[in-house]
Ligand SMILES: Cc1cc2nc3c(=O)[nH]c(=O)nc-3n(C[C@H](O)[C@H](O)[C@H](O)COP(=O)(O)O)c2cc1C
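Shown here is one chain on its own, the form predicted on its own, set out as structure tokens.
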């Protein structure tokens, strides 16, 4: 049985956390991840209503039966304290505050008996998060889907495990039992996964998006800010989003200044989102997308990752250590 600081502190079967993907990881997906033995997270976007947090949290916990977590964005909380209040009221086991300093929010979470985490893109941010009192950090590599920094998962994980006293989770490029086994062997307390859940039926995305994910190859993503620029979303510098390439990225990536002044392009993107036209609309996904070849229930994905990693670690360690 896989046992880490994460499984012990959260009381979960597998050291696997479902990433809080805004717009995709709502209550149904979080509940399914937790039912599979991991920790499901509800992702909260900057424009989501506080009522959404409480509603989806109730679904995720299945009326208090299951542990779950919530993912918040620090830069959004500055103007949306109601999101933090609603999150605390929903009684999650863990809350991640990322994409900005988590310090202003850690005290309120701890006062409510909630563990605090932060996704970090580099060592300096990780050290700041540790000083702020978070309970764990997530090494979020550039191979992750959605918004992330510039350092790859494996180099970042090694830096943080060597430098911090806190448990470190790994995020980015983990989409199979081998990926989970690799980061655990490197010292991670768990795997933080998102892309491998994008085709699950419990995800809050569209069926057309799930099919695009299934069809995508590992080379079909791009790190870009064009979707945020077109929508006028004020993401802080240094956090472009990794998404599936399409006509919109091909047309506008590298031309962000022109895009910001083109209202027609923004309107085109909004219409494509409504119509599920993913030649234009965005699907945030990481480089592990090439490992997603079919739609599987999220609980099955988690069990497969956890049980497969456990078996691989036993076999590989036995084989390596018995030689010589």
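Treat the numbers as computed from the prediction; the structure is a model and nothing was measured. Residue numbers count along the first chain shown, from 1.
The same protein also has a form predicted in complex with this ligand, omitted here; what follows describes it.
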| item | value |
| --- | --- |
| In the predicted bound form, the residue from 188, 171, 109, 199 that sits within 4.5 Å of this ligand by heavy atoms | 171 |
| Check all three, 20, 24 and 143, heavy atom within 4.5 Å of this ligand in the predicted bound form | yes |
| Heavy atom contact within 4.5 Å of this ligand in the predicted bound form, the stretch among 122 to 130, 220 to 228, 247 to 255, 92 to 100 | 92 to 100 |
| Residue 73, heavy atom within 4.5 angstroms of this ligand in the predicted bound form | yes |
| Close approach of residue 284 to this ligand in the predicted bound form, 4.5 Å, heavy atom | yes |
| Exercise: residue 193 in contact with this ligand in the predicted bound form, heavy atom 4.5 Å | yes |
